[in-house]
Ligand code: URP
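Consider the single chain below, provided in structure tokens and representing the form predicted on its own.
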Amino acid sequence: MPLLIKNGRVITSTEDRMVDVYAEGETITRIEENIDPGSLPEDTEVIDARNRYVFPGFIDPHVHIHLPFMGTNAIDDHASATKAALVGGTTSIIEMICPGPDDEPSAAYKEWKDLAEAGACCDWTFHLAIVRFDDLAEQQIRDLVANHGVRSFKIFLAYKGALDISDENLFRLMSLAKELDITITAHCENAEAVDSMQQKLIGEGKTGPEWHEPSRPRSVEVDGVNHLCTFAELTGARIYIVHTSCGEAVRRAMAARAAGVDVMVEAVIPHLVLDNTWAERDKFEGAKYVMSPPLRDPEEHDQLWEAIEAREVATIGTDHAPFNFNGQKDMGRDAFTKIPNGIPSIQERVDLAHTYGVCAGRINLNTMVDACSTQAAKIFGMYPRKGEIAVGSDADLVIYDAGYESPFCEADSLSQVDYCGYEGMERRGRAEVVTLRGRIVAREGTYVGPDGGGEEISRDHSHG
């Protein structure tokens, strides 16, 4: 049915104004200072957004749902993860397809797409990880770009012997990316250095989760950024560095940009609000906070937020990777190298960015929208259909109550994971009403939409 949102404070990446928004079908058709409900079809649903923000639907550019990792599989399915996303105000996700080293890219794409089509409740698209790059893989990549709309690929400069890619294949793949005008997203570390550090620490009996960060320090991440940027400079490929955890890595990427490299940077919410002391908690509690790159010293928070405010860091994602503490994370009790990596955050991201970014005075509302929605849409070819409130854009809208206060807790989560990574932390603001293409799908922390209903997002060649 048609939808009218009245009296709201509409905030985009560039604007902040009091206007009414009307959607008919799946798209926004009118934005005016005062739209009279009496002039609209009788079945129009009217929402009074007085004293509320109206945001474009948020986009999470870095999500894992179906994720085989370290002999187990992430605990969410597409239904649970996307319902959690929508309740938190995220209406579109980009999921990482993560095949194994023997899997064919086309088969992996079909496997993930079938799962998303069957269960996803929000809109979705993919980054496809390339962990093998032979002639068959190259042929299939060309087909996926030409005929299936895949516009971005993922590489790992980490996880030696499992997901990492050789320099020879890295050069070939990035040359192909330049030819096809697609984006390479990259996990930047140094697989060889991390492997050596891990073996050394385990050999010294340093096996707990508190040793995860020392096994892959900032210098390793900075080295990975440098390495990737060198290959991008050589090939002309467009690159997007995922989950950047420290200021020095951002500075290295900005130096490359100043030298002409087409590089964009992502931060993820755990690195903005949690620090290494969480991974050092006793009784193995720290395992809940093992992710790669790891949580860093608290002083990195200011550097990352400042880079977001300066728009040097383009996006805030999650790297949502939900593994249960009991039965999955605890596989690594004898060695931190066996702890499945990831901190579930798909539902909490927007409220964390609002609480610890906007309310803390680190960024303004326009920057929050830019980093949590608009830039992802622009970089990955979804703008202005997504990430914007404009006539012709999808009616993905978040009516946000900035005055809401309640701590984060596992009981509120729609994810299937058995803990909340932000348990007890202050929370200011929440999505009160969320619409996906004009249909109300969430109200006040409850999912009210249909099972399924998400659609694959078609993407073009545009980028930020």
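We number the residues from 1 along the sequence you see. Computed from a predicted model, the values in this text were never measured in an experiment.
The same protein also exists as the form predicted together with this ligand; that form is not shown, yet it is the one meant from here on.
For the three marked residues, 61, 94 and 383, no heavy atom of any sits within 4.5 Å of this ligand in the model of the complex. The closest heavy atom approach of residue 154 to this ligand in the model of the complex falls within 4.5 Å. Within this chain, residue 174 is remote from the site of this ligand in the model of the complex, having no heavy atom within 4.5 Å.
Not displayed here, this ligand is kept clear of residue 408 by more than 4.5 Å at the level of heavy atoms in the model of the complex. Taking non-hydrogen atoms only, residue 159 approaches this ligand to within 4.5 angstroms in the model of the complex. Listed residues 105, 286, 224, 342 were compared with this ligand in the model of the complex; 342 is the one with a heavy atom within 4.5 Å. Proximity to this ligand in the model of the complex, taken as a non-hydrogen atom within 4.5 angstroms, holds for one residue of 349, 252, 83, 187, which is 187. Partner contacts here mean any heavy atom within 4.5 Å of this ligand in the model of the complex, and among 106-114, 125-133, 286-294, 352-360 they occur only in 286-294.
Taking this ligand as it sits in the model of the complex, the stretch 235-249 comes within 4.5 angstroms of it through a non-hydrogen atom at just one residue, 243.
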